[in-house]
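In structure tokens, the next block holds one chain alone, the form predicted on its own.
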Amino acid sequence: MAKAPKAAVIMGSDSDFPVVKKCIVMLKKFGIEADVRVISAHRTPEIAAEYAKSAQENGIDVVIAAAGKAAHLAGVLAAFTTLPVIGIPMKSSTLDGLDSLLSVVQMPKGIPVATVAVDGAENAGILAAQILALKYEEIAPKLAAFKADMTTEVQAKDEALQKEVATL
């Protein structure tokens, strides 16, 4: 039996879960299993390193990491694996997520982290699906259908707007 696609979804705090849940929903929409964990780059650095080092042998294909403030989780995980890592910078109370965004996106040479928007959990799930579609061909038609549904939705909204504007 063929291996199912699997993503790690790691958050630095359980307070990130309401946002990160949107990523998990998106992964499931594309048939991707999610291993969801709370692991802190600063409070549990040994666990973070061990998780990243063993991720591939544990069936993980891509890593998604959500963290706020200093937001080093994605970078720490990327330092210990050759798997693709996607960072979700979380909106923080102090700098409205700018601190998180800069921490995730400004990685040094050799430790790349793909970065989505602040609180961009849905896009992280979609990006993971696009990456995994290169290996798991069953994901590609689901992505195509998703894009087609978006097109239909926008066209319907435009049509409704045109009707409303015509009545002004």
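Note that the structure is a prediction, hence the values are computed from the model and not measured. Start at 1 and count along the sequence shown; that's the residue number.
Although not depicted, the form predicted in complex with ligand RP5 is the subject of the following passage.
Proximity of T81 to ligand RP5 in the predicted complex: non-hydrogen atoms within 4.5 Å are absent; the residue sits far from the partner. Interface membership of R43, defined by any non-hydrogen atom within 4.5 Å of ligand RP5 in the predicted complex, is confirmed.
Taking the partner from the other structure, ligand RP5 in the predicted complex has a heavy atom within 4.5 Å of a heavy atom of M90. Contact annotation for K69: at least one heavy atom lies within 4.5 Å of ligand RP5 in the predicted complex.
Listed stretches are 21-29, 141-149, 6-14, 156-164; the contact stretch with ligand RP5 in the predicted complex is 6-14, by a heavy atom cutoff of 4.5 Å.
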